[in-house]
Ligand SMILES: Cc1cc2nc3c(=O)[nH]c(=O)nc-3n(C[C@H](O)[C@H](O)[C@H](O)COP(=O)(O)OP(=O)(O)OC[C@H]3O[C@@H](n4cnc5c(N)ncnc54)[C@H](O)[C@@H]3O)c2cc1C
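Only one chain comes next, encoded as C-alpha cells, the form predicted alone.
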C-alpha cells in the first residue's frame, strides 16, 4: 500500500507529489495520458504564462475574504518565481504576466518532471481511475497491546483502473483538472470520483473563451482588432468591465478582455438570460470631452463618416456609422452629436452564446469549495485532498489559474504529507 496517491499529472498534481513526498513517504502519481503535463504545453500559446505579478485573491471567484486567499498569500508570485529560479529556470515578466525566460512551456514541463524524479515519485501513466472507495478501517481496541496492525485495517482508499488493476493508499489527492481542453484528458472524471467520495459538484461551464453573437454587422468586422473597454450586462445590470484588445471574429468576439467577461456570462447564457457586451471604442475620452471634440470637427467639415474613418479606420467606422444612421431617428444639432458619441462609447452587442469546453481555457464550477478547507482537505472524507481546477475555483486570464494550480497543489501536498 502506498502512502499517498495523487490522481492527475498536471501542474497541481506534480506540485502535490513534490511537497507530499517527505519523511520517506511513498507517493504515487496516476495519470490517464501516456505522459504527464500534456495540457501545460498549451498554456500561454505554448509560452506558459505561469503566474502574474499582480496576484490578488479578488481576481478569483472566491474573493479576498475567503480562506483560500491564504493559499495565494503564503505562496505568491514572487515565491513561485524564486522556486523556479532555484531550480534553474530563469523567468521574466511582460504586462504583469510571468513566463519562463525560454518562452517555452516545454521548459516548465522539464522542471516539473525533474521534481518528480528528485522525490522518487512513482509515476503510473496510461492509467484511468474509474472508481474510488474509502474504507474507514476497523475499530482498534486501545487497550490491546503487542498486537500487529494490518495496514488494511486502517483507513485507506481503493482505486480501480479501467484496465482492471487497482491500487490502495492511505491518503488521496484528486488533481484531475476540469473539462477544458478535453483532448488533453480533462473530461471531468475527477468530479465523478469526488461524488463517489461524498462531495457535491457545482454545475460546470466553459470560461476564458469566445462569445458569440448573431449580429450581422458585428460579423462583418471579422479580423478587426481594436483596443476598447468592454462591459458585461445581464438583464440590464452591469456585471463587470475589462479593457484590452477586442477581437472581432466570424462568430462574435474574442480577446483577453472578452475571455475575462466570459467568466460572468457563461452561466447567464446557459440560463437563457438576456446578455450583452457594451463596447466603448474610446475609453480614454469622457463622453463630455468627446461631445466637444466631435462638435468642433463637424463645424470644420460636416462629414460624419469621414470623421469616424479618421478615428477608427474603415471597418470600425462603417460599423458605428450604420448604428448611428439606423438609430438617429431624426436627431439634429447637439442631440445628433450626443447620439454620435453614445454610439462610440456604448455600442451594444447582444450575445447569443459561448464557445465549448474544447476551446475554453478554464472550467467554471467543480467540487464545492464549501466542502474543502484552507488546507485543501476534505471536510467530508478523512484523508482526502483536492488541488487545482477540479475545485470550483476560476480566475482571470493571465496566469492566475495556473498559479492557483501550483499553490493549491503545494498546500494539498504539505497537508497530505503531515
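Source: prediction; values computed, not measured. Numbering follows the first chain given and starts at 1.
The following text describes the form predicted in complex with the ligand, which does not appear among the structures shown.
- Task: Considering the ligand in the predicted bound form, find the one stretch among 364-372, 345-353, 382-390, 65-73 with heavy atoms no farther than 4.5 Å from it.
- Result: Correct option: 382-390.
- Task: Answer with one of 264, 248, 181, 157: the residue that has a non-hydrogen atom within 4.5 Å of the ligand in the predicted bound form.
- Result: Checking each option against the ligand in the predicted bound form, the one that comes within 4.5 Å is 181.
- Task: Would you please decide whether residue 210 lies within 4.5 angstroms of the ligand in the predicted bound form, comparing each non-hydrogen atom pair?
- Result: So residue 210 does not count as contacting the ligand.
- Query: Would residue 378 count as touching the ligand in the predicted bound form under a 4.5 Å heavy atom rule?
  - Reply: No - in the predicted bound form, heavy atoms of residue 378 and the ligand never come within 4.5 Å of each other.
- Message: I'd like to check something about residue 405: if you look in the predicted bound form, is any of its heavy atoms closer than or equal to 4.5 Å to a heavy atom of the ligand?
- Response: Yes, residue 405 sits close enough to the ligand in the predicted bound form that at least one of its heavy atoms falls within 4.5 Å.
- Query: With the cut-off set at 4.5 Å between non-hydrogen atoms, does residue 104 touch the ligand in the predicted bound form?
  - Reply: No - in the predicted bound form, heavy atoms of residue 104 and the ligand never come within 4.5 Å of each other.
- Item | Heavy atom within 4.5 Å of the ligand in the predicted bound form - qualifying residues of 3-36 | Read in sequence order, the residues that approach the ligand (within 4.5 Å, in the predicted bound form) are 7, 8, 9, 10, 11, 12, 13, 30, 31, 32, 33.
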